[in-house]
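Read on for two forms of one protein chain; each stands alone as structure tokens, with the labels structure 1 and structure 2.
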Structure 1
Amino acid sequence: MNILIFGPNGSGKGTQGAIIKEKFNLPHIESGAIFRKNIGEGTELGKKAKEYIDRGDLVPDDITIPMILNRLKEDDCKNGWILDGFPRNKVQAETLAKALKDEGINLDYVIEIVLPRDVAKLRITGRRLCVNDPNHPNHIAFDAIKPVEKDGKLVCRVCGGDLKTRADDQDDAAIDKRHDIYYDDKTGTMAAVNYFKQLDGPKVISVDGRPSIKEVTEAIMKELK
């Protein structure tokens, strides 16, 4: 099963992606997490990507597109994948659709988590990142994924690891820039979503991102067969 998942920063897209990954045993490929891993390890790719990410800009397509297409060729992707954070603009969408077609790979589902921009922004400011695993969701404003307190400080609710804020989460201008890109339906991410919506083939699942994590999961799972 091959799945794309879309949603603005703050929509719970990463959380839902992790749940789908568990349920269907799929590799969860997150472009943002791949970049952060490279930055953490100080790789060449990480060095190139960092300045864009810190500003809230997209990393250029000539770095991002090959990185993701190569990732999809790895062994663990043979039986399906869930791709999260890519495509992020229309060019990436068209390039991905063409690459899949050339390889004879079907796209089965396009999941879209719909959330108003002001709600998405509020949610981002409380998000905390586990230093051990970017797939451990923590948020100070949501009971279900609230970090736990240990020795007077907040730690990851999943593994007890230290928490940090994402550099690009805390900067107001960077948040706005990332949302500008997401909600842009001319060339940005909404243009990518709309591109996949008009394609013949993938089933589009649009869910309201405002209810609880559990309710959003149920709305998605009802449609994923």
Structure 2
Amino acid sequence: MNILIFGPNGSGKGTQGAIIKEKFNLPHIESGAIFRKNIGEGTELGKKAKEYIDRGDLVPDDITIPMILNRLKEDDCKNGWILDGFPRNKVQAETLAKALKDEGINLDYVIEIVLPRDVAKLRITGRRLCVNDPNHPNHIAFDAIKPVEKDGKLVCRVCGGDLKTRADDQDDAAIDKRHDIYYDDKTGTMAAVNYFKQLDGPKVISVDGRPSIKEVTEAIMKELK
């Protein structure tokens, strides 16, 4: 079972990928980890990628896609894989689809977690971290895990501890830049998703990302066979 998973930052894509990984015992492959591994191990592709990264340039697809294909051909991927974080645009989608076909690797499912842009942003900016335990879930946008108010300020709903925010969660420019790429349906990530929708072969599973984690999981699992 070979799967591509898409969703904007804030959609819960990483959470759902981890659940699918556990359910079907598949490696959850994140494109950034492939870069780090190749650079860290000093592979030829890693050395080439590092030259671009050190200059602040994007790594071209003729380096990125061979790295991804090498990873997908490793032993732990024999029974399937979940690829997360690539492709990010339509050209990459077209190039990846051709490369997979040329290698005789079937793409079985494309999972798309659909979330309105304003909701995705709120999910990111609304996260709050407990200073006592970062695993205590607190989020100002969800009633089930909303922080409680004490002495005029919001505190952890679990332990009453102080709350803080991650700096990158509050960086509007950074969030908007990532979302500009994802929601671009002409050349960006949404265009990549739409490309896979018109291909013969993979089954596209589009699920509403607004309900609870459990409900989103159930909607995905109902379609995975």
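Quantities reported herein were computed from a predicted structural model and do not represent experimental measurements. Residue numbering: sequential along structure 1, first residue numbered 1. Superpose the two forms; the largest set of C-alphas matching within 1.5 Å is the rigid core.
Peer 1: Compare the two displayed forms of this chain and pick out the form predicted together with adenosine monophosphate (AMP).
Peer 2: Comparing the pair, one sees that structure 1 is the form predicted together with adenosine monophosphate (AMP) and the remaining one is not.
Peer 1: For Pro147, is the CA shift between structures 1 and 2 at least 2 Å following rigid-core superposition?
Peer 2: Yes, its C-alpha moves 2 Å or more.
Peer 1: After the core is overlaid between structures 1 and 2, has the C-alpha of Ile105 moved by 2 angstroms or more?
Peer 2: The answer is no; the displacement is under 2 Å.
Peer 1: Examine Asn194 after superposing the rigid core and state whether its CA is displaced by 2 Å or more between structures 1 and 2.
Peer 2: No; Asn194 is a residue whose C-alpha shifts by less than 2 Å between structures 1 and 2 when the cores are overlaid.
Peer 1: Core superposed first, then measure: what is the displacement of the CA of Asp62 between structures 1 and 2, in Å?
Peer 2: With the cores aligned, its C-alpha sits 5.4 Å away.
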